[in-house]
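Only one chain is shown below, in structure tokens, and it's the form predicted alone.
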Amino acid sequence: MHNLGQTRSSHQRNHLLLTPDTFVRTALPGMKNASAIVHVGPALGAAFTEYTAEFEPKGELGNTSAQRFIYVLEGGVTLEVKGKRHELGVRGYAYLPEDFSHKVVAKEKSRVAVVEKFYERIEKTEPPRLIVSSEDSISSHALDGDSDLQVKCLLPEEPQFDFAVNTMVYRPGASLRMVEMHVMEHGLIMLEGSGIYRLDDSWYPVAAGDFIWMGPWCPQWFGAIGRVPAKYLIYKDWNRHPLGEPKK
């Protein structure tokens, strides 16, 4: 049935909710047998780009000069880098520093979350390194001592990394303990379950498959509802001064 113009998607001055019924697919340079659902990018004012890449078997992701983080949502891909092959299944992920030649090829029909960001250098700090891992190998910890809300940090908490990517799992009924407002921006993909997200002065029902962008200082709060845990993958910029590096 036609939706008669109805959708949960919303575009406001400091946040964005995109639901699967409004996704539009496009090809990005270098892609082969693949397409991208671009969720957010500089055109909206974001300092990063996030998209979901959808691959046919043997589909490929184009190269980039920016940093790239990939997280396998469905299927499996092979990451080829410096003559070595890494097999990534569901919940497998990789971080690739900027100007790091690599190739991503789907082994089967697959979906991959992709984050790309130009690197912000700071003096006297070594550049970040290649990371290939799986969420399953990362230990979780309770957020603010609440055991009903578990966080996994997929990138090291080290100053050379200028962004973080975490997964967060809420048991049914669990919620953030406060409305957060901060300088970092977020990109968020709902992976499992459902809940209510407060963004600015609006309250949205959200479910697996939705994407959310939160701009700097957007009031934000989440509570899980339903009978199964809610889980999301979340990006944030961090480890850098708001002024940036001084000009030479």
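When you see a residue number, it is the position in the sequence shown, counting from 1. In this text, all values refer to a predicted model and were calculated from it rather than measured experimentally.
Although it is not shown, the form predicted in complex with a small molecule is what the next lines describe.
- Here the chain stands alone, but in the model of the complex its contact with the small molecule, taken as any heavy atom within 4.5 Å, falls in 179 to 187 among 41 to 49, 200 to 208, 179 to 187, 59 to 67.
- Proximity of A34 to the small molecule in the model of the complex falls outside the 4.5 Å heavy atom cutoff.
- Residue contact check for Y71: none of its heavy atoms lie within 4.5 Å of the small molecule in the model of the complex.
- The small molecule in the model of the complex is approached by K236, whose closest heavy atom lies within 4.5 angstroms of it.
- Proximity of M214 to the small molecule in the model of the complex: non-hydrogen atoms within 4.5 Å are present.
- Of the candidates V132, M168, A174, V165, M168 is the one whose heavy atoms come within 4.5 Å of the small molecule in the model of the complex; the others do not.
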